[in-house]
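Single chain ahead, written as structure tokens, the form predicted alone.
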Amino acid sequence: MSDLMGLIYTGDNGERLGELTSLRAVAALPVLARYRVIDFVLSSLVSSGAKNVGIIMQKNYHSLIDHLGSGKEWDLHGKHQGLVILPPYQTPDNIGVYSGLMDAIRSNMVFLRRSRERYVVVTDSGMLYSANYDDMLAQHIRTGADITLMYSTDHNLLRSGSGHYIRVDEEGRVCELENQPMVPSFENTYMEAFLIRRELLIELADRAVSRAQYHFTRELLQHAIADHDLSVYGWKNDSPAWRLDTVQAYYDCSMALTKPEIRRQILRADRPVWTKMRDEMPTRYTADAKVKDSLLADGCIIEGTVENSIIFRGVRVMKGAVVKNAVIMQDGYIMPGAHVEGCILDKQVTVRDGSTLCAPASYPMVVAKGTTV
């Protein structure tokens, strides 16, 4: 049995994603025609042998709970281990809104204490990637590290004024950490995921909160690296990765994943990505349909033209309609003669006959859920 467990923090409500996260957490954001962002982290944990996964929630978590259900799609619905939902709750010490990751961990200490695994992977939920956490654990044990940070050299993750960046020496030890620099000095982006011994995490969380240190990276990790209090190593993840922190980032990620060669690096045959099942008929293409360089889920009816787009389940593109460089989420309805380009349409959006919705790729348009245009 694996000695690895997972703890996923979904506290960030993604203000910069606007309408896309006004009613859902970033972890529940639909991607790749049939998945949610959390599916990738959760599936990577399961593929690495984790059978005990806790998900700490904070805001807009109703759609996420509905998506996760009992965890059976990920084989996490056992009697004694499996998927554990950790919603916020009010106590004298906790007002229901976490001040940071360490505060969230401290508030859910009961889950950690009753778990039996020796090691825990702690991740955020705002990035899309695939990971071999079992390889990360093997390095963690080999180096004798206290904390192992996952990092990437993918330039998609670089940001001005946000993100965390590390310098790693030849032995893999983390020597320096930058928090939200305007111009990052290091090409290694910390991916908001780390591996640690469970008992040490309990100790650090308790000590940090008692000192009013609620943020793991900015307060605990920064000082640990600078003062050499802990042995901190880095583990490089070679998977393509995207930080889904803005509308532009979400759109660019979606357009990149229309390319099969990139998509195959995320949807790997040896490490499958599982998601909530929805039984649908196969997508039906009429004689007038034209589809090119696109990703379509099941349950769609395509009578018009779709190019370089991602089409979710149950979408209908009617005769004469054109969809280019767009993301159309579940149960969208593009009526005859409509033209949609450079847009992200949330669930159950209807575009009326002859309507035109066009935006440049550098400034994509978002249409809120349930809107008729």
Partner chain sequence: MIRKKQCVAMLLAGGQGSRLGVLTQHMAKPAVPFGGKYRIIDFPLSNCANSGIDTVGVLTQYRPLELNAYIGSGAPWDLDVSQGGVYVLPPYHTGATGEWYKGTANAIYQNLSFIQQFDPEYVLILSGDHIYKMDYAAMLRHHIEHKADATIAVRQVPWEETHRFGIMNTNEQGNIIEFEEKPKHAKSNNASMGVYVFTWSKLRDYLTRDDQNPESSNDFGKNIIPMMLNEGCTLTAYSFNDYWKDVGTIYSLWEANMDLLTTPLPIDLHDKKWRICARNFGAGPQFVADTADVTDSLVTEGCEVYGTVKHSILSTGVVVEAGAQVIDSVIMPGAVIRRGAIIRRAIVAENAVIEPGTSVGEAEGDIAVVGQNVIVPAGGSVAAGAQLDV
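A quick note: this is a predicted structure, and the numbers were derived from the prediction, not measured. Positions refer to the first chain, counted from 1.
Note that the form predicted in complex with its partner chain isn't included here; everything after this is about it.
Within this chain, P272 lines the site of its partner chain in the predicted bound form, having a heavy atom no more than 4.5 Å away. Under a 4.5 angstroms non-hydrogen atom cutoff, its partner chain in the predicted bound form has R34 among its neighbouring residues. At a distance threshold of 4.5 angstroms between non-hydrogen atoms, L158 is out of contact with its partner chain in the predicted bound form. Interface residue remark: I141 is not counted as part of the site for its partner chain in the predicted bound form, having no heavy atom within 4.5 Å.
Heavy atoms within 4.5 Å of its partner chain in the predicted bound form belong, among the stretches 160-168, 118-126, 244-252, 297-305, to residues of 297-305. Scanning E73, D134, E178, E187 against its partner chain in the predicted bound form with a 4.5 Å heavy atom cut-off leaves one residue, E73.
Only one of R278, R113, R207, H228 lies close to its partner chain in the predicted bound form, with a heavy atom inside 4.5 Å, and it is R278. Contact annotation for 263-291: residues with any non-hydrogen atom within 4.5 angstroms of its partner chain in the predicted bound form are R263, R264, L267, P272, V273, W274, T275, M277, R278, D279, E280, M281, P282, T283, R284, Y285, T286, A287, A289, V291, listed in sequence order.
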